[in-house]
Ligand SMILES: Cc1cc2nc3c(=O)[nH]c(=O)nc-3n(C[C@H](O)[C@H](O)[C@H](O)COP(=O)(O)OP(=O)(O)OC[C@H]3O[C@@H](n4cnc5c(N)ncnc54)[C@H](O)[C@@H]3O)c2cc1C
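First comes one chain, alone, set out as structure tokens in the form predicted alone.
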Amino acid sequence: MPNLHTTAIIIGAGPAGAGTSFFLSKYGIPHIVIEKETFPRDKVCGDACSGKTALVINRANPEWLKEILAEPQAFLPSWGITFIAPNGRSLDIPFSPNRTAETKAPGFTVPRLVLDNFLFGKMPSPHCTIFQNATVETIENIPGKVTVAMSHEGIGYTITASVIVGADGDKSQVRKTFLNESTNPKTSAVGLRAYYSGITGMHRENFIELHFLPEMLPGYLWIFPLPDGMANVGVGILSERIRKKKINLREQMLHAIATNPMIAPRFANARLAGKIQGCGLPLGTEQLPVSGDGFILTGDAACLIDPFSGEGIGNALYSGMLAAAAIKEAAARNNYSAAFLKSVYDDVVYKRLGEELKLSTTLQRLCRFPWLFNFVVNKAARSASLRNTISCMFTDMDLREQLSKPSFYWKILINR
């Protein structure tokens, strides 16, 4: 059985694992990536990438972002978001209301099959060893090192490292091993995703759509435009609500597509491409431990999906970037203890993302009140200044925080 030694082991080569690997390579830190599948491979997702995704890719290598921006036929630029309130009224919110001719779209949509393969193709470096189609048999944490038993192409390997990074999704083997749990059920949601062709009425600037249907609150149905006239259509609802209401998510999604007066006409000639598939959505509704002695969790394994928007790709890449920086600090001091990793990773993650996740949790709870959502959308539809304020909230967290304060709604009420 071959024995391999490295500084870090990354389990999973999706955005969280790729983000970690990019920056470990920049720091010259040797690492081994173990991926259970073979690329290109699909991943159930909404396929929408925010400015946070672009930010991390640009920091990893500006040329990579230029490649993305130069291929709008594969990475479809998106300039905004459309909210559809429970009463059916829609509100267009541009991401860049004051853009110029030189402004680049802050977000884009792309099938995860394409995105993940793009990121995977950027991972190889002199510091990175990758095993695809590999199986992690066991993970052991002995004081001072982590040992992984892996099988690959019929050969068993023993890999030892100073730290292991769990980038292995909502059913994370690393999380289960070190924290004795896969996710926190109270913070989880379930999502379904389908690909359709032939949907009409898409926004000319590829706005993504969030339909807050009364029967799905505090979740929503989404329609995200994709290249080649395709669209990603799906629903996301809290697991707690699904259990309480005994919801069949697939039936509810298809019922909305077939009968909702705002949606059904647009699907009159649409065709389902492939199957409707589901996934778990570990939401970041509370600050859970994301590291410990010899391990770090990233992306979905760290429960970092935005509770309001459902965004996971950007936070996965961002947490991977922070994980690599933490490993750099730990390697410099040869200290991979729980206390040290908490100080250089957990504390940093929640300093950078904590307020955003907390605010999104509040907004998610506010969506339980359809009348409140309707009230804001109705007012914003008649007020250009309010629409501009809401637009700015997507880039300014201080402004966005106003959405969680009663005074914000009072000012709307009295037209101030």
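Each residue number is its position in the shown sequence, starting from 1. Just so you know, these numbers come straight off a predicted model, no measurement behind them.
There is another form of this protein, the form predicted in complex with the named molecule, and it is not shown here; the text below is about that form.
Residue-level contacts in the predicted complex: of 111, 219, 307, 191, one residue has a heavy atom within 4.5 Å of the named molecule, and it is 191. A heavy atom within 4.5 Å of the named molecule in the predicted complex is found for one listed residue only; from 96, 239, 141, 173, this is 173.
In the predicted complex, the named molecule stays beyond 4.5 Å of every heavy atom belonging to residue 356. The named molecule in the predicted complex comes within 4.5 Å of no heavy atom belonging to residue 68. When contacts are judged by a 4.5 Å heavy atom cut-off, residue 296 does not count as touching the named molecule in the predicted complex.
Heavy atoms of residue 45 reach within 4.5 Å of the named molecule in the predicted complex, making it an interface residue. Note on the interface: of 211-219, 256-264, 160-168, 70-78, the segment with non-hydrogen atoms within 4.5 angstroms of the named molecule in the predicted complex is 160-168. Along 274-300, a non-hydrogen atom within 4.5 Å of the named molecule in the predicted complex is carried by 279, 280, 281, 298, 299, 300, in order along the sequence.
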